[in-house]
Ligand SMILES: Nc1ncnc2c1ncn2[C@@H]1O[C@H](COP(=O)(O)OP(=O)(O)OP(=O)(O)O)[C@@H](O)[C@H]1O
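For reference, the chain that follows is the form predicted alone, supplied as structure tokens.
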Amino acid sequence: MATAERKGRLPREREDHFMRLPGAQVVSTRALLMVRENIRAAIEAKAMICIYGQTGRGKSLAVNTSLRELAPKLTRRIQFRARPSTRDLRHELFHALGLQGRPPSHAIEFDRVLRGALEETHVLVCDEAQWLSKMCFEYLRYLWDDTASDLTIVFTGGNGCFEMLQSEPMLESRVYVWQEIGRLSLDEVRTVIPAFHPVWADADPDLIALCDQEAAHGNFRAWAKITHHLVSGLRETGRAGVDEELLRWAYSKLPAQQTV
């Protein structure tokens, strides 16, 4: 759980992987390398960028990993799990920016305080951006348009994020780069999964391909779940490595639609 002093900061590296999978490593997929370069370009241009894609494809990991390298001290992050009001957004920004005291009670004063604080913040990450309303997008555009700020805004989100931002012409026209995170190809799976976790380091490449074709389907979150189950299975059975029987047992625990 994030502590009060961590609120608004990039998460720690141990929180990158689904369920904090012990032993998991960040691997340099093509998508991650592209995210890093696109964010670098957006920071240089002081622009908005949108990183989007379906759930479990590593969007947040790629963004967080890139920003730890590019702007670790100048990044603040907000996230919503339900549709916020503009008031909610103001208060979330107030706390994410580490402002002290009570939030201002009047909108004009609140906006002045936030604009001043954003002059010291170069990157604002809006995670799960598909939850933001039209009014929230308008408010973020208003803050970004402030000429006193060198702000870069990184929108990230899953299903519906692209459509939501595209539906707001005043915001869409200001987005400098759009990047969709797709599935890992089978060729990339064969390359990156052995480096992802030690359990796969000496696994038969054909088993890795079988797992992807029948269960993981290029989705990193699915790979993390299967790996969790494999680690437990290896420990409980005392087996030395991954075999087909254990692998099928591990991914039998995924929903049926993920294993067709």
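All residue numbers are counted from 1 along the displayed sequence. Quantities reported herein were computed from a predicted structural model and do not represent experimental measurements.
Missing here is the form predicted in complex with this ligand; even so, the following discussion is about that form.
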*For the chain seen here without its partner, which of 35 to 43, 66 to 74, 199 to 207, 48 to 56 has a heavy atom within 4.5 Å of this ligand in the model of the complex?*
48 to 56
*Is the gap between Thr237 and this ligand in the model of the complex 4.5 Å or less for some heavy atom pair?*
no
*Can Ala216 be called a contact residue for this ligand in the model of the complex at 4.5 Å between heavy atoms?*
no
_Just checking whether Cys211 would be counted as a contact of this ligand in the model of the complex - the rule being heavy atoms within 4.5 angstroms._
no
*Contact test in the model of the complex: Ser252 vs this ligand, heavy atoms, 4.5 Å*: no
*Go through 214 to 247 residue by residue and record those having a heavy atom within 4.5 Å of this ligand in the model of the complex; state none if no residue qualifies.*
Phe220, Arg221, Ala224
